[in-house]
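The form predicted on its own is given below as one chain in structure tokens.
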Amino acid sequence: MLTSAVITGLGLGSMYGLLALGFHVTYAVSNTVNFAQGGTMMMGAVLSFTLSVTAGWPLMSAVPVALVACALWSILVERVAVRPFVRRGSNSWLMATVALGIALENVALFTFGRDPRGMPPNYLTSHFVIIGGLKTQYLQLLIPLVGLGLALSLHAFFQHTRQGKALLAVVQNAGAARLMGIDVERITTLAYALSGMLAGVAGILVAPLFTVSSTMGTLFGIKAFAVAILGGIGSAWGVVLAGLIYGVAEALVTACLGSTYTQIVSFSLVIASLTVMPNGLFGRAGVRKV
């Protein structure tokens, strides 16, 4: 039972880590976060289901289209709900992104429908390996690998590409980056696009394990933001590791105490951890210049 819980928890934790990594990217670049991130995850799952199942597209065609749509949606969120308020020095972007997330959820409700739907079986869900005497789907093993692989790819993008280095320059000092000729607004847009694609990947990977619905992203988004804070939202590897820790802890609580106590115990552990370490497990206290 514990082996199964750990495997399940690593898969869930990878999803939380991907969403939290999206929070990290936008926060590091613009000091803002996209609270429509959970809705973007739902969008990725719904679009992949609609294109591959309803429209009959090959999955290899449906997935890139869904990811591009998630990236474009996040760019729209940045342009409409974040940039105008940041320019005026207002924090109203917080509620504006929440409002857009609710709007997206309602659009999905009217177009996709209220009833949850399950993805049809495929090779990754119908084939398994034996681990610890338990049947483990290929997909359950693939999800953590994809999550960590994307984290490594993002790290390589930051370190070895021109756009990635420009993004890091904005993270370190936006004013100095602007003086060096870097278009800070364009880099912020890129950060939101990356955030949307990460959320879309999470939605597409988690869709076969859960039912696809218009409301599936709400709780995932809340948990992912809790993970981002728990890991230290300014640390990329911190939020990924916090996601894995949170996912395993949640699965163990469910296995040992039952699903009734899952949310109570999990969020209580987050609160207790932040009480002891206010900057998160892997975060650092900000340095104030006097």
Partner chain sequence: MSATRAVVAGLALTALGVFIWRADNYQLYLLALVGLTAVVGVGLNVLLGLSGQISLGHVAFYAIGAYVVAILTTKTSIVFWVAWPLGGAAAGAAGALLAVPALRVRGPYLAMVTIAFGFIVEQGAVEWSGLTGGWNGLIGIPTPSVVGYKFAERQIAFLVVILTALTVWLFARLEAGPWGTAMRAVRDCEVASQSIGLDPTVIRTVAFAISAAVTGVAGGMFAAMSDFISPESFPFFQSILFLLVVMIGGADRVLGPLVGAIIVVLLPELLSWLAQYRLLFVGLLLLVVLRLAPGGLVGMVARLSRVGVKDRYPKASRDVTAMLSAAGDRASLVVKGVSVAFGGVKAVANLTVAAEPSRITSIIGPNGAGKSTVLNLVCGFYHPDEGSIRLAGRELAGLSSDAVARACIARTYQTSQLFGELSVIDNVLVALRRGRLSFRDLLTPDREPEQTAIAQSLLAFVGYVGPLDRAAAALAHVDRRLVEIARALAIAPKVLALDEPAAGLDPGDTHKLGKLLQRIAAAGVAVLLVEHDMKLVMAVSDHVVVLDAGKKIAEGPPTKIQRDPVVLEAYLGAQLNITRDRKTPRSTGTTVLATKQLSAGYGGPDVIRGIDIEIEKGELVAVLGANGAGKSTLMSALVGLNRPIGGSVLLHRRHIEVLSTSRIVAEGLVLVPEGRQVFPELSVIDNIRLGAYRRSMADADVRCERLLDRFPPLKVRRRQRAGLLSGGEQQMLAIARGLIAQPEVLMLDEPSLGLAPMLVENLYDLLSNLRDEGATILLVDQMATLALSVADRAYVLQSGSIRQQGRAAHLRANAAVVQAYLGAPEPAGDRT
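Positions refer to the first chain, counted from 1. Being a predicted model, the structure only gives us computed values, none of them experimental.
This next part talks about the form predicted in complex with its partner chain, which is not shown.
Colleague: Please identify the residue among 141, 71, 96, 154 with any heavy atom within 4.5 Å of its partner chain in the predicted bound form.
Modeller: Looking at 141, 71, 96, 154 one by one, just 96 meets the 4.5 Å heavy-atom criterion.
Colleague: Go through 236, 62, 226, 28 and name the one with a heavy atom inside 4.5 Å of its partner chain in the predicted bound form.
Modeller: Spelling it out, the residue with a heavy atom inside the cut-off is 226.
Colleague: Is its partner chain in the predicted bound form close enough to 55, 122 and 147 that every residue in that trio has a heavy atom within 4.5 angstroms of it?
Modeller: Negative, none of the three is within 4.5 Å.
Colleague: Verify the contact flag for residue 127: yes if a non-hydrogen atom of it lies within 4.5 Å of a non-hydrogen atom of its partner chain in the predicted bound form, no if not.
Modeller: Taking the distances in the predicted bound form, the answer for residue 127 is no, it never comes within 4.5 Å of its partner chain.
Colleague: Should residue 75 be counted as a contact of its partner chain in the predicted bound form, where contact means heavy atoms within 4.5 Å?
Modeller: No, residue 75 sits far enough from its partner chain in the predicted bound form that none of its heavy atoms falls within 4.5 Å.
Colleague: Decide whether residue 191 counts as a contact residue for its partner chain in the predicted bound form under a heavy atom distance cut-off of 4.5 Å.
Modeller: So residue 191 does not count as contacting its partner chain.
Colleague: Check whether residue 166 has any heavy atom within 4.5 Å of a heavy atom of its partner chain in the predicted bound form, and answer yes or no.
Modeller: Residue 166: contacts its partner chain in the predicted bound form.
Colleague: What are the residues of 257 to 271, in order along the chain, with a heavy atom within 4.5 Å of its partner chain in the predicted bound form?
Modeller: 260, 261, 263, 264, 267, 268, 270, 271, in sequence order.
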